[in-house]
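The chain below stands alone and is given in structure tokens; this is the form predicted on its own.
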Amino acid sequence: MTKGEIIILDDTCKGCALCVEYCPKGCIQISRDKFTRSGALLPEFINPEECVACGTCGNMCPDFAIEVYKFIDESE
């Protein structure tokens, strides 16, 4: 089974929320307490057990502020 993890680069992210809008698994949400340098709310990775590392969030990010990692669990 494929599992994914994403890392949102807070220094690069401008808080546009395109990653939140386009994540097909609902694994990203806008935080309530983390802000960009300009004061916009940052997205945060949630529901890691649902992430399949499809890469949609990274592809939609206009600032290349998301790193996507795919892990394959061969024990299942």
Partner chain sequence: MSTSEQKKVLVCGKPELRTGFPSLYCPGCHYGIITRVICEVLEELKLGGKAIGFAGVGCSFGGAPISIGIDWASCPHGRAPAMASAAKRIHPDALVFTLQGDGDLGAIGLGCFLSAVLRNENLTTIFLNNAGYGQTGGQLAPTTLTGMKTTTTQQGRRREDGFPFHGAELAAYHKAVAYSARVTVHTPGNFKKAKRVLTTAFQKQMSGAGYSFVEFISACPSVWGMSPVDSVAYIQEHMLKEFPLGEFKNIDSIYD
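Positions refer to the first chain, counted from 1. Model, not experiment: these values are computed from the prediction.
The same protein has a further form, the form predicted in complex with its partner chain, not shown here; the description that follows concerns it.
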At 4.5 Å between heavy atoms, is residue 25 in contact with its partner chain in the predicted bound form?
no
Looking at the partner-bound form in the predicted bound form, is residue 10 within 4.5 Å of its partner chain by any heavy atom? no
Checked 3-27 against its partner chain in the predicted bound form; residues with a heavy atom within 4.5 Å, sequence order, are 5, 14, 16, 17, 18, 21, 22
